[in-house]
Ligand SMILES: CC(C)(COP(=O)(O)OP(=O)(O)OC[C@H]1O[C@@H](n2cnc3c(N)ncnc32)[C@H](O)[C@@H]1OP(=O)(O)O)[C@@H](O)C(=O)NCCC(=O)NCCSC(=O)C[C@H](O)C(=O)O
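Below you'll find only one chain, the form predicted on its own, shown as structure tokens.
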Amino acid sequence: MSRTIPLRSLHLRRSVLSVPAINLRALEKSHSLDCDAVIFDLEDSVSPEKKGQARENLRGFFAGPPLEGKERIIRINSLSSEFGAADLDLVKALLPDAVLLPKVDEPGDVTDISDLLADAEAPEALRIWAMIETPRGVLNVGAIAGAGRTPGARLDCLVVGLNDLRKETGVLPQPGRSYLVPWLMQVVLAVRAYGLDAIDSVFNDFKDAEGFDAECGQGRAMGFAGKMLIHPSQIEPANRHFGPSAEEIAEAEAVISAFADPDARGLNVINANGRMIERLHLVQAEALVHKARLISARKPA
């Protein structure tokens, strides 16, 4: 019998669009976009003098028609800043799908927020995402991901922030990200060890379609679930790269069919068309087919 697929692995997170909460037009446009998730940003994209207005914009937006078919994430300012407490109060009032913590350095950054949400009796459905964008965050990423498996933790997803990481390390923004790949893979390894998702960093030049396409392909090959985006034009290529291809779906369905054969009952390893297939491949195939069905269900009839 196959293992049950972890619930967290079943989310579509191919395209995660960051929208400045200060931009009312962008907020309204998010309803019509085909991204899987929207990050409503109260942090980097909002100047200090406009933080209060950005929070009010989100209050009005969440009071309106619901954002259908997309995860809703609010990125707050650090709790150590003068804006963090008010941002977290807003999260507790609006109850998005997740709160995104900036510049997470250590497990305590996650568990502290978990405790605050528990104290406020926030529903378990309110999850935590964490930005990994500092040297300490990369060094501690295994422990941070592990914090998502402690009792009462709500951590679902890690998001890489390379702009801040480049700034703090001096690594230049070169095509191919060769000097950053070890750190990116460290994040992927950590989330896979603890059953979480990892979202690849933004690509800053949204007019460079070829460069973005290449970086999406690289991120998918490295094992990221999706990519954080800064412009609607990046949604389609992100969905295409991080979604399963027709060939992958056909292969997954063949694996499921092979294990459904009565002769395979109770076996952990089978031979299908000269290929050895383990039951762990069945778990992966079931997750992939489930995601393919979620994608299909989102398409208009």
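In this text, residue numbers run from 1 along the sequence as written. Predicted, not measured: the structure shown is a model, and the values here were computed from it.
In what follows, reference is made to the form predicted together with the ligand, a form of this protein that is not presented.
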(message) For a quick test of understanding: in the predicted complex, does each of G219, G223 and E286 have a heavy atom within 4.5 Å of the ligand?
(response) no
(request) Answer with yes or no whether A26 is in contact with the ligand in the predicted complex, where contact means some heavy atom within 4.5 Å. (result) yes
(message) I'd like to know whether L33 contacts the ligand in the predicted complex, with contact meaning heavy atoms within 4.5 angstroms.
(response) yes
(request) Give a yes/no on whether S45 approaches the ligand to within 4.5 Å in the predicted complex, heavy atoms considered. (result) yes
(request) Using the partner position in the predicted complex, report whether G69 sits within 4.5 Å of the ligand, counting heavy atoms only. (result) no
(request) Let me know the one among A198, M228, V99, I144 whose heavy atoms come within 4.5 Å of the ligand in the predicted complex, would you? (result) M228
(request) Please pick, from D109, D87, E215, E133, the one residue with any non-hydrogen atom lying within 4.5 angstroms of the ligand in the predicted complex. (result) E133
(request) Counting only non-hydrogen atoms, choose the one of 161-169, 146-154, 76-84, 121-129 that falls within 4.5 Å of the ligand in the predicted complex. (result) 161-169
(request) Using the arrangement in the predicted complex, list in sequence order the residues of 201-215 with any heavy atom within 4.5 angstroms of the ligand. (result) S201, V202, F206
